[in-house]
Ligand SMILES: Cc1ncc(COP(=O)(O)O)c(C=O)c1O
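The chain below stands alone and is given in structure tokens; this is the form predicted on its own.
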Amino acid sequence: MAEEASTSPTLSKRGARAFEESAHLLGLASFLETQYSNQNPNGVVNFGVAENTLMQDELKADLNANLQLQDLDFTYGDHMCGSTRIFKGLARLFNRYFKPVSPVEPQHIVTGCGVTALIDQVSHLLGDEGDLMLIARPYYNGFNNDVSLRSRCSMHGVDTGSINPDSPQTLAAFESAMSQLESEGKTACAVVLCNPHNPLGFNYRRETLLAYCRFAEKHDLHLVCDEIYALSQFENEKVADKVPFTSILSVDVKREAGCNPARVHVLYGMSKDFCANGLRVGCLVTQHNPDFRNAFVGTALFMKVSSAADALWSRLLLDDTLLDNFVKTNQARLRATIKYCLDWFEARGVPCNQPTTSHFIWLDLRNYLRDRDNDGNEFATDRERDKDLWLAFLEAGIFVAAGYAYTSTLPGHFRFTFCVRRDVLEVGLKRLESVLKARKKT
């Protein structure tokens, strides 16, 4: 007689919570399995995930031909938080391109397997369970999972209204938010600044950076600056006076804003400017807070970069000629591709913003929203109408990110990732046009 099977073993409370909160990622996992390629021509074209494929062929050829590992690469290496090699390369990168007030030294840097892993660690080390990290809306939705899944912190989006989002006047909304949180007995541990901005594609003005520094000092907060799109800069002929990229590293925060520089930390990675999401390499720079840097040592092995990825990025970073050529070529291709896409949308009467950096166009598709579904049932909310259009895109074989995923309060807005190589871009735009033609209101 067969014995009865026992009940299924349970997860811990943490595990059950992680399962519940990761459910939304299952849809992304499904999309990744069905992406468009030459081998899968009926797959979904990615205009939703921030991936730059414009330099993929050159990068692939170079890295395949030049991966050179040393004996040390088959050990745990020479540093808990990275390697002497990549620290040297990253310091050169920051000192050549980010114009720091004081030179970035190798000992100022911590590396990890992607900026996502670093944000997880940053929230774990800066915040206690239940603490909040303030950020202007709309903002990159991945932050929500990054700071909450393990650390149990939360992002707190601040609606800055109709004010120009790169204006220092937006900090008035942050002051109101802090007052409200304090009245509710809630604690903030940091303010997060995504510069260049995701999803709106602009650089913050220097005076706005200073306003953030003053705000952080006034409220005893850390200022975490995500600068992962720093080198994804391009000219947009429709923007007469482009605001140049200013790294927080280039700001003397103590002298100019009375801010303790130990509050200021910069995140950067290989994924965006170097077109290599899959290699999983990111870094944190904190020049004036050795206690924070040293706190990473205890958990560094949880996110240590593989020696192969370390070696591949270091090769680029340590060769000035190779690096300069890569950055310039990538920026030229971004400029050509953004022009192609903006002209395409203009020709079809689709309103959108005019980005000068990062990888996105913010589309206004309110004219393509329906009021009822296929069965004649009226949508009750703007979000339902937005989701209806988002699903129509998926059915047509394209993934475009809905604005509500970035906590946008504007209905009908979508984030379109434009930095897609031309052959795939044209396939996706053809599919997009079919949806827009079917949906456009007369």
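Note that residue numbering follows the sequence shown and begins at 1. Since the model is a prediction, treat every value here as computed from it, not as a measurement.
Absent from the display: the form predicted in complex with the named molecule. The rest refers to it.
Listed residues 98, 140, 326, 202 were compared with the named molecule in the model of the complex; 140 is the one with a heavy atom within 4.5 Å. With the partner omitted from this view, the residue of 361, 228, 209, 264 that lies near the named molecule in the model of the complex is 228 [heavy atom within 4.5 Å]. Contact annotation for residue 168: none of its heavy atoms lies within 4.5 Å of the named molecule in the model of the complex. The named molecule is not drawn, but in the model of the complex it has a heavy atom within 4.5 Å of residue 115. Although the partner is absent here, residue 194 sits close enough that one of its heavy atoms falls within 4.5 Å of the named molecule in the model of the complex. Of the heavy atoms in residue 50, some are within 4.5 Å of the named molecule in the model of the complex. Heavy atoms within 4.5 Å of the named molecule in the model of the complex are found in exactly one of 346-354, 301-309, 150-158, 115-123, that being 115-123. Contacts to the named molecule in the model of the complex (heavy atom within 4.5 Å) from stretch 257-280: 271, 272, 280.
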